[in-house]
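The chain that follows stands alone, in the form predicted on its own, written as structure tokens.
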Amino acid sequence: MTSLPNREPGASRLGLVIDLDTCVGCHACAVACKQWNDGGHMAPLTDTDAYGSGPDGVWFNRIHSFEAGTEQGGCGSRTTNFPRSCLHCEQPACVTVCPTGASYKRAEDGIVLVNEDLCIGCKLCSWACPYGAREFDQDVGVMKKCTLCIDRIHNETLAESERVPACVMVCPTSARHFGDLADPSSAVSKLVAERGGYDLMPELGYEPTNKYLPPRPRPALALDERVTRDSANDDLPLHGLLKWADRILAR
């Protein structure tokens, strides 16, 4: 089995902080991840029956949506969009179960990677990962996973502002943040401290590097306030396209 490296003094711990309050579930991160990695470090990423009735393939980033309780005051509920990818754990079971050393953790920045030349496709790492972050590429018979876009973040030919994972680069609501979570003075560490960022399933002891920021509570409107607000909106004038849309929706 594969052993974990000794952490180097002053080594960084690169990872993502994902804000569940501002993620809108647009899937831009998933599409950008797929596009970049299809020609990058883990390329190619297999697709099967992409335009048929049973499409499947390798995706490193997936987004799930959940109804998360009720709003304050008991009126309605809210949808929380939950992006899921590799969490680059400090104690990754996917590495320690690997019989060939194909799955490994870098000592210098904490990123968990797969060496395809050593991978035998036994899938032990996918069974050990409780987060569902491992992907088996059937075409080449090896496991693949999120690399934090290692070929972007350390690429000195790119502008410094672009040396972030593709998913962070394209997020339209800035719900994804990238940085060094070993540095308490970094922007991501401060964000986690200010917003109460948390680990996913901390009871397992894998110590995920990636953190999630919880949704903020929404201010509640009393029923009479809602009625007043809706009545005020009814009195607003409609113009052009809005008039047409109002007629269509009123049918």
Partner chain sequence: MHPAFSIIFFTSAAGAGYGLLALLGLLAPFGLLPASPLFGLAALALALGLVVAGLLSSLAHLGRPERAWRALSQWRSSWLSREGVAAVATFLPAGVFAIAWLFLGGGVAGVAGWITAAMAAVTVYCTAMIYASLKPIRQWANPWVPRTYLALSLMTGALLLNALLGVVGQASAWSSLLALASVALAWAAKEGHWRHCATARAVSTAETATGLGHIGRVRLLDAPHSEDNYLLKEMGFRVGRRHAVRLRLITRLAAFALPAALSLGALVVGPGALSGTLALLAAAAAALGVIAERWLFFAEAKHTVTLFYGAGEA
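Numbering follows the first chain given and starts at 1. Since this is a predicted model, take the numbers as computed values, not measurements.
Unshown form predicted together with the partner chain; subsequent notes refer to it.
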| property | result |
| --- | --- |
| In the predicted bound form, the one of C149, L113, C129, L181 near the partner chain [non-hydrogen atom within 4.5 angstroms] | C129 |
| V192, A68, C26, A32 - the one with a heavy atom within 4.5 Å of the partner chain in the predicted bound form | A68 |
| Segment assignment from 150-158, 77-85, 105-113, 173-181: heavy atom within 4.5 Å of the partner chain in the predicted bound form | 77-85 |
| Non-hydrogen atom contact E135 with the partner chain in the predicted bound form at 4.5 angstroms | yes |
| Partner contact for N6 in the predicted bound form: the partner chain, 4.5 angstroms, heavy atom | no |
| Partner proximity in the predicted bound form: E162 to the partner chain, non-hydrogen atom cutoff 4.5 Å | no |
| is_contact(W36, the partner chain) in the predicted bound form, heavy atom dist at most 4.5 Å | no |
| Residues in 77-115 close to the partner chain in the predicted bound form, defined by a heavy atom within 4.5 Å, in order | R78, T79, T80, F82, R84, T96, V97, C98, P99, T100, G101 |
